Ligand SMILES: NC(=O)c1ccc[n+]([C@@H]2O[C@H](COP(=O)([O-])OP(=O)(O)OC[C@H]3O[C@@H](n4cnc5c(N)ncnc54)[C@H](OP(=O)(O)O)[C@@H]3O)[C@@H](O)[C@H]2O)c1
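We begin with a single chain expressed as structure tokens, specifically the form predicted on its own.
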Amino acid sequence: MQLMKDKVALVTGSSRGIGRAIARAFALAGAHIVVNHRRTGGSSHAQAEELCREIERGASRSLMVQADIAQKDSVTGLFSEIKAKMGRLDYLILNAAKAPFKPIEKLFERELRQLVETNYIGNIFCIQAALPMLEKRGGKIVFISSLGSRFYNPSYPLGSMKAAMESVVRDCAESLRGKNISVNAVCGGIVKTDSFKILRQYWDNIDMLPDELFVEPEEIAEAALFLCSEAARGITGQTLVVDRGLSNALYRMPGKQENVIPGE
């Protein structure tokens, strides 16, 4: 399906995990993809190159850009390269995130600053830099959030930044309405990406949740794709929860099989 033929999407933090799935979904829909990763060299760089090759084997173009969204100069360079090499931007998918797994009260100053700079300030840098190109196209912005924005986890300080960005989504949806730019968010449930391996060390009994309550990266990608489509033209400033109903069932205690499996 070429719903987005010849349009351009930037997916921040798209070398792996959910961002990678989103980049693939938009490419399959016909969009050209800007693949962003934070550091030169290492596994993320190699994965970004592999993703670009995969996209190019299809009908879409790709552009790989290394940029740390926490650094304003780096963000400026990212969008300058998009303008120079792609000539347009239709979709901005704010997926990049970085945070330690530890309680807020135990964060070192450098960790606290990184938490805010990457997951809040960096996203706003991207929105600001994207506006000139998005305004020309009636573009879309989608922020990728998580259930930590609304439910407590003792070692997930990223949740507070996700909550803050969901407020930014609401505010920008109104402030950018006159520019014909829509802004929404997808709040994902528990996804078995690389970070899940660490999360399971801090969330007791999480492995006892039934498989049907875990979300696939592709399900988050499909929700982002929907919010950028014409079918979502009546949706603005909203956060769409994609968690397979997990947040509806949090009263159940993992470990008691009769209370965990839906329908029993």
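Numbers for residues come from their place in the sequence shown, where the first is 1. Everything quoted here is computed from the prediction, not taken from an experiment.
Not pictured, yet referred to below: the form predicted together with this ligand.
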For this ligand in the predicted complex, the stretch among 85-93, 68-76, 173-181, 131-139 with residues bearing a heavy atom within 4.5 Å is 68-76
Problem set entry | Partner proximity in the predicted complex: Ile144 to this ligand, non-hydrogen atom cutoff 4.5 Å | yes
* Taking 4.5 angstroms as the cut-off for heavy atoms, does Ser60 touch this ligand in the predicted complex? -> no
Using 4.5 Å between non-hydrogen atoms, is His32 touching this ligand in the predicted complex?
-> no
Original post:
Given that the partner is absent here, does Arg16 sit within 4.5 Å of this ligand in the predicted complex, heavy atoms only?
Top reply: yes
In this chain shown alone, the residue from Val116, Val168, Ile127, Val191 with a heavy atom within 4.5 Å of this ligand in the predicted complex is Val191
Residues in 37-56 that come within 4.5 Å of this ligand in the predicted complex by at least one heavy atom, in order, are His37, Arg38, Arg39, Ser44
